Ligand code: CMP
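To begin, one chain is listed below as structure tokens, in the form predicted on its own.
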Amino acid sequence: MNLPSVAQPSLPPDLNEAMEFIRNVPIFSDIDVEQLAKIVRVGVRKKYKKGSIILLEEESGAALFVILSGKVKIVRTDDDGREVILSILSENDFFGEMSILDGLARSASVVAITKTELFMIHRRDFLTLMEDVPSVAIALLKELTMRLRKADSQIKSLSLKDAAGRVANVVLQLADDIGTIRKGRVEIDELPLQQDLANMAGTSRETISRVIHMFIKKGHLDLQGNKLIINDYEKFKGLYL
């Protein structure tokens, strides 16, 4: 159901601002104002500088994090210290849900790739919320299913596709995660560094540069400063997905 947009007079301005934001996060869209106010009161806002490590793989997990502003990367590191980027998340996304549900250690690290502000909800409060509002649990399951499908697609790309297919898969993943669509074109602002793109595609920086310029030459992509544009999203997706 749609929550009223009327400000709650019992909440201080900073908490009311948090309520306005949190109610736009998909997993919280069906929470009534009273429950939402409880979550906002017990939650904590934290700010991180670009490059800050927010969570470390294998550390214990005790909170869910919602991104208020900025972007983060979800990464794993192999035995040789090489980084593999699993996904990039931005405003309205959340992370930390696996450890919230099973109580086990974090499965990946999280690093801020821009200046980032997060809203943190402790595990006990989130579990109580899921018991009180079943729609939150259902929405979380839908999100987990979607992320599993994305992971399956990424594994398929890394194992079966050539360099062009891998890079195209990363571009499409970024389009879905942080892109803005306008009349069939998708704009990806603040394109990640080439090394980050290489870590996502399981290839080298040189390959990323070569393939992206090949896509530009073919008319599939445009690069304007740090903004990458997919000229025809559906056509590009049909060719390389």
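Numbering starts at 1 and runs along the sequence shown. The model shown is predicted, which means the values in this text are computed figures rather than measured ones.
The form predicted together with this ligand is left out here; the points below concern that form.
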Query raised in the report: Are all three residues A164, A201 and T203 in contact with this ligand in the model of the complex, where contact means a non-hydrogen atom within 4.5 Å?
Result: no
Report task. Could you tell me which one of M98, A139, I113, L127 places a heavy atom within 4.5 Å of this ligand in the model of the complex? Result -> M98
Requested in this report: Let me know the one among V133, I74, L158, M120 whose heavy atoms come within 4.5 Å of this ligand in the model of the complex, would you?
Outcome: I74
Requested in this report: Please run the contact check for S107 against this ligand in the model of the complex: heavy atoms, 4.5 angstroms, yes or no?
Outcome: yes
Query - Heavy atom of I54 within 4.5 Å of this ligand in the model of the complex - result: no
Query - L86: touches this ligand in the model of the complex, heavy atom cutoff 4.5 angstroms - result: yes
Report task. Sequence order please: the residues of 154-172 with a heavy atom within 4.5 Å of this ligand in the model of the complex. Result -> none
